[in-house]
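Same protein, same chain, two forms; see structure 1 and structure 2 below, as structure tokens.
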Structure 1
């Protein structure tokens, strides 16, 4: 623990923990937001794998992709060891199966449905002793919610329960390239403890992947924009050079 400050959950991603002054404050709910192809899932998976390697039970709740497909992509990572899954340090859950189990196979959720879903996620976190959780994506769940109030209630309720359990949570949020703000519904960003924005930056016709920590409660952090590379040894981060780039819209 950094003197006088909250305990940190180290991401294990090269450069990221320095940007966050030691890591994500434990128990925070963080929005990982960006348009498609910006590296949201990769960053989230790396966060979980490093956690599992450090002995923290980590869980990935997949809404849009089947776990088998995600696992195929992870085999390319040199730091990934299949033993983490065999030993249940790293757990993959298909949300569709939970929907079936809970009888939530419907297009629109009521407030009661939301509470049932949150309670189920919290129950799994509690029973399995999960310390790191990723929900990919929160946007896909929010599609089934009919109002901003419901989205707000869902994220608030989930974040509060998980925080009380000391579980550090990444909520993957899909953003349209032309969107203003940091989330699709404009509610998620206000409730989350942290926002990590992934994007594309154009320099003379070439696209650079970028990463920026917009906010993170409980820590002082860099708010600068960084350039990111997705490699077989994990995500690498370098400072963005200041001259000559424009934001892609």
Structure 2
């Protein structure tokens, strides 16, 4: 049942908030899923940057790439100001450093290890007053879990704790182009409050990026497929018409 009174976390991304009838319901845990090169990290970063600009402390937890390299490869947004980082409105965290701090330098995690990791992430969010969080990627963490039950427990526990703090979370999920579902293990998609699927579409020799909201608890939303363009002024989203053409507005 849709609760129209729920506060919305506006993404600030042109077209996205309209698709979501006002934005992501605050406190939702959303899976940003797609194959390589579909714009998952770019969309997640822009979500955080807009949040920081609007006064919401935002945090990016990088699992596989050091923050310095991530920032070097970041699109040169016209609206991005490095002061957001200097003033700690936008915070970057290297999860590998957290692993070392917690003694989790191992190939496989136990249930106890999972709980320790969740507690540390929740602690950072609570102490820093983080309202927007991105974990990139959740798939890389799940590689260290030995069963679907552990993956389920990890995402359920993390999502519940963050939701209670009012933190809106994007979990970046890596997906093979040939995958039948919306996540690597088939567990993440069932637990998440929302799924935003990014893809590639070949059209007349061009490779277009596409975006589609598969589900989003707490709001009505469009389920149509859109074309997504990455530009220096931010992500632009346009309707994909029948036959694969793009509506120019």
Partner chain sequence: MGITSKVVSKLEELPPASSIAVNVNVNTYFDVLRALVDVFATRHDLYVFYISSTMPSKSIENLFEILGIDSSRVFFVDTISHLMRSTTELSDRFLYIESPTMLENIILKVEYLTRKYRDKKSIVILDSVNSLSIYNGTKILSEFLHIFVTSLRTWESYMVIVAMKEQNTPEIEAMLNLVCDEIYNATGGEE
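Model, not experiment: these values are computed from the prediction. Each form is matched to the other, and the largest set of C-alpha atoms that superpose within 1.5 Å is called the rigid core. Residue numbers count along the first chain shown, from 1.
Check your understanding: Since only one of the two is the form predicted in complex with its partner chain, can you say which one?
Key -> Structure 1 is the one predicted in complex with its partner chain.
Review point. If we fit on the core, is the Cα of residue 223 displaced 2 Å or more between structure 1 and structure 2?
Key: Residue 223: C-alpha displaced by less than 2 Å between structure 1 and structure 2.
**Study point:** Core superposition result - C-alpha of residue 204, shift between structure 1 and structure 2, Å
**Key:** For residue 204, the C-alpha ends up 3.6 Å from its position in the other form.
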